[in-house]
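Just the one chain here, the form predicted alone, laid out as C-alpha cells.
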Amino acid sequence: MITRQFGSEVRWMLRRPRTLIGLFGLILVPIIISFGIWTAGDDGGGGPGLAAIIEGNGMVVPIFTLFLSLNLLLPLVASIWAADGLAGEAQHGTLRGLLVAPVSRVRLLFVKLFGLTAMSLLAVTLMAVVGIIAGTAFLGSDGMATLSGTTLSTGEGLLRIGLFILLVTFQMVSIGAVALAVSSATEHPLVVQAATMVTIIVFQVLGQFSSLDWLHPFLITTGFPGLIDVMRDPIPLGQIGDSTLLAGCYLLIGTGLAAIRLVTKDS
C-alpha cells in the first residue's frame, strides 16, 4: 500500500501543469548560463571561485548552475511543491478526505515528504544532466578542473557532480520540510511560498552582518557556500559535513512540526 501511495503522489505531482512548467524553466538555466559564458568568450572567466575555472571547462557548468540556484530558485521550487502538498489540498477541499481515510496521518505526511524528495531529486538531476550536455557543447570539456588547480578525469568529474546532486537535493528537501510545516497550518499556498522565501532572504541578509556571528551557525543558508568544497581535490569534509548536519536539523524540526500539526488537524 505504501508503495502505491508513493507512486500515486509522484504521478499526481507530475500531472500538474505548473510542475512541468517549473521543471522546464529549471533546465533552461544551465543552457542560458552555458550560452552566456560561450558568448562572452575570453571575457567570461577570471572571476572568483567557480567563475575562474568555468571557461573552457564545461563539466563545471552543472555544479556552477546548482550552486547559484540554491540561493533562491531551488528553495522557491521546493516551497511551491510543499505548498501544494498540504495547503493546496486543503484549499481545494481534498485534504479533508485524506485525513478521514483509514491511513495514518503521519504516513500521509511522509507520503508528501517522499513526493517532495522525489521531485527535488528529479529537478536537480535534470539541471545537472542538461548542464553537462550544454556545458560540454558550448564550452568543451577535457576532464574537470578543480579549485585546487588539479584536473579530474571525466569519470571522477561525474562522481563529483553526483555527490553535489545529493547534497543540493538534501538542502532542498530540508527547506521543503520547513515549508511543509507552514503548509500544514494554512489553506493558502501563496502564504507558504511567501513565508519560505522571506525566511531564506532574511537568513541571507543576516549572514552578511559580522556582528551576528553567533547566529550564523544556526542559519541554513550559512552552509550553502561550504558545499562548493566538492570542487576541491581532495574534498575537505568539514564544511560539507556541517552544512549537511544543519540541513538535517531543519529537516527533523520541519517534519516534526508538520506531524504535530497534522495529527491535531480537524478540518
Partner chain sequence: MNKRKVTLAAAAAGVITGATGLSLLAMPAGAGQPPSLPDVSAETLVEQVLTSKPSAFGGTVEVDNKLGLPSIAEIPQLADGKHSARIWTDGNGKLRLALPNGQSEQTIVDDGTTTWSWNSADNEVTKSEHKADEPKPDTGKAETMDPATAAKQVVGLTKEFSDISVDGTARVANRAAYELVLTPKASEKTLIREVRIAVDSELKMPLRVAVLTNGTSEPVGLVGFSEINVGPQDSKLFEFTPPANAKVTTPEAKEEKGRDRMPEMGIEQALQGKDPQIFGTGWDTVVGARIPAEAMTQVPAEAQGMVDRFTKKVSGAWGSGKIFNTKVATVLIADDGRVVAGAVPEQVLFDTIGQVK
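Since we're looking at a predicted model, the values are computed, not measured. Residue numbers count along the first chain shown, from 1.
Another form, the form predicted in complex with the partner chain, is not on view; read the next lines as being about it.
**Q** Quick one: W81, E187 and M197 and the partner chain in the predicted bound form, is every residue within 4.5 Å by at least one heavy atom?
**A** No, none of W81, E187 and M197 comes within 4.5 Å of the partner chain in the predicted bound form.
**Q** Within 4.5 angstroms, counting heavy atoms, which one of the listed stretches 126-134, 188-196, 111-119, 140-148 is next to the partner chain in the predicted bound form?
**A** Every other range fails; the passing one is 140-148.
**Q** Should G207 be classed as touching the partner chain in the predicted bound form when contacts are defined as heavy atoms within 4.5 Å?
**A** Flag for G207 set to no.
**Q** Determine whether any heavy atom of G256 comes within 4.5 Å of a heavy atom of the partner chain in the predicted bound form, and answer yes or no.
**A** Yes.
**Q** Even though the partner isn't displayed, in the predicted bound form is G36 close enough to the partner chain, meaning a heavy atom within 4.5 Å?
**A** G36: no contact with the partner chain in the predicted bound form.
**Q** Does L246 make contact with the partner chain in the predicted bound form, using a 4.5 Å heavy atom cut-off?
**A** Contact with the partner chain, yes.
**Q** Name the residue from I201, I32, L212, I235 that puts a heavy atom within 4.5 Å of the partner chain in the predicted bound form.
**A** Partner contact (heavy atom, 4.5 Å) among the options: I235.
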